[in-house]
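Single chain ahead, by itself, as structure tokens, in the form predicted on its own.
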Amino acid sequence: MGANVTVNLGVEMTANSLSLWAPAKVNLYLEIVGDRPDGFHELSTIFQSIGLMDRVTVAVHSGPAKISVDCPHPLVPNDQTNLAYRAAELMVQAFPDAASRQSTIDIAIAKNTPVAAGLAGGSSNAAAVLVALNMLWELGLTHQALQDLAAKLGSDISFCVSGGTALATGRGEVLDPLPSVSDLWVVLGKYDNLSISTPWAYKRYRELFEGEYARDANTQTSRHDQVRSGAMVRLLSQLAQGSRDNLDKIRALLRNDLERAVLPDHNKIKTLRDCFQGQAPLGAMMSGSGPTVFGIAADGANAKLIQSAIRQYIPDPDLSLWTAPFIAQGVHLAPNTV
């Protein structure tokens, strides 16, 4: 063990250790369709991977049956409540023979994605652990098999496995891949001291707008089909093919129903969203349940200009800003060097 081996993606890994990039995501479209029998909400949402990524390193050893998580970020738990820990636990339960041969699992997470931000940072870390153990234990699982396992842990972890651009329905775990868009950029803003509880956001939406829910399966399916054949999916397909003729239409097609529940109770996020909309000509809105706001830029240079303008308008040191490109992949291998 420990000898370097070459993998087909042009990076190095050791025989018992593997490092992966775990990209964040934004929601370009999020429609709350109705209730589900399992108590969750039925969604139609469009996920997009972005190049803001955590680095997750997984090492397996023979020895005591133990899972450890090491992340120095003060807001990330290093115990069994961490989704990355739970992903390793799920793999141990699903593949006991492989786990018995290398039963010590060490997970190290270098956080670049903000925590509790509506960007799937924890979900992408969990997806990285699933992918890493599949490779380290040489299980040979397909993306679909990994996504099925991921769905047992959380609603958007399945998407984080494959990434790119996808329409998601159900709780967000039923994926229809779309042609990947990879030549746009986002500017992201989040107040460091502000977080939003996802369960609270959905509960609040139900309290306010339950009367608008689709009540039966046929109506919910019809709502999904409208999105699948709708203007946003068509526009993204055009962008994926290299056409930029209709970039100005993105603004009108962005949708996040959770803004209706979150923004009235969080004026600071609304003010940030409004500032982004004033500076990002391709549109801006809150991602997921928030509190991160993102604006879409035509290229990296424009993203930097938007970032600078927002910093000038809101010089609050508690506001962190990032820029990142759209990317066409989810979890993927990283160089196994520090």
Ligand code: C5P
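Note that residue numbering follows the sequence shown and begins at 1. Not measured: the values here are computed from a predicted model.
This next part talks about the form predicted together with the named molecule, which is not shown.
Undergrad: Among N256, S155, S162, N82, which has at least one heavy atom within 4.5 Å of the named molecule in the predicted bound form?
TA: Filtering the options by heavy-atom distance leaves S155.
Undergrad: Please tell me which of Y202, W137, F95, Y191 lies within 4.5 Å of the named molecule in the predicted bound form, judged by heavy atoms.
TA: Partner contact (heavy atom, 4.5 Å) among the options: Y202.
Undergrad: Please determine whether each residue of L43, R171 and T198 possesses a non-hydrogen atom within 4.5 angstroms of the named molecule in the predicted bound form.
TA: Result yes, every residue of the spot touches the named molecule.
Undergrad: Tell me, please, which stretch of 265 to 273, 300 to 308, 50 to 58, 34 to 42 lies within 4.5 angstroms of the named molecule in the predicted bound form when heavy atoms are compared?
TA: Among the candidates, contact is made by 34 to 42.
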